[in-house]
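Given next, in structure tokens, is a single chain: the form predicted alone.
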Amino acid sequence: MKLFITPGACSLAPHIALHELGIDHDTVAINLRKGEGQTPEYLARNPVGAVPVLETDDGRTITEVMAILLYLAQRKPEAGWIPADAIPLYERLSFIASELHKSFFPLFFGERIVSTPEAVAELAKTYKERLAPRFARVSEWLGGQDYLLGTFGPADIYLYVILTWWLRGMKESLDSWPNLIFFVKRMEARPGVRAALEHENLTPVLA
């Protein structure tokens, strides 16, 4: 398999999953800021020019974090990542994708939405406030559990990557949600997480 990534981006999630599942793979780094996602060759893989893209051994091309995570989970059913009652898993993955992941675009690229520094700052303030109750929601899901569904799986990987953006990218705190702090530390103790971070030349955010 071949996974197209941008270090530290959402493609880190399937990268971690590949390591956690022990699936042989290669990675290709795409520098989106330098326009490498807009070449004709790359746009043929993903017309929106984004990562991740997974090219499978049987010739499929899969985009979107959630789809790739579920595909990899299906490839390794013995890992138990898709429970018999999969609705809670889909709920959590959908929430992370729509309510958390997409909330970061205005934080990272506010200048593409509004035109003045003051408006960019106000937009960032609004979206940080918007994220607070959503972080509270996933903190409630965790409760006293180690992972979102009690056992480790794809939703935990996706959530971890989003939380690294808050901590590393935004330089914000998770002090209001101790469950999330413990969760990040627990994730960063996992060998698969460590392996993917090292490959992308990243350090743990709560080391």
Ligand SMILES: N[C@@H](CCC(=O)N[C@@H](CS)C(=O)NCC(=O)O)C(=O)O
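A quick note: this is a predicted structure, and the numbers were derived from the prediction, not measured. All residue numbers are counted from 1 along the displayed sequence.
Another form, the form predicted together with the ligand, is not on view; read the next lines as being about it.
Work out which of 50, 181, 29, 167 lies within 4.5 Å of the ligand in the predicted complex, going by heavy atoms.
-> Contact residue from the list: 50.
Using heavy atoms only and a 4.5 Å cut-off, determine which of 134, 76, 101, 128 is in contact with the ligand in the predicted complex.
-> Only one option qualifies, and that one is 101.
How about residue 9: is it within 4.5 Å of the ligand in the predicted complex, going by heavy atoms?
-> Yes, residue 9 sits close enough to the ligand in the predicted complex that at least one of its heavy atoms falls within 4.5 Å.
So, in the predicted complex, is residue 64 in contact with the ligand at a 4.5 angstroms heavy atom limit?
-> Because a heavy atom of residue 64 falls inside 4.5 Å of the ligand in the predicted complex, the answer is yes.
Partner contacts for 135 to 161, taking the ligand in the predicted complex and a 4.5 Å heavy atom cut-off = Contacting residue: only 158.
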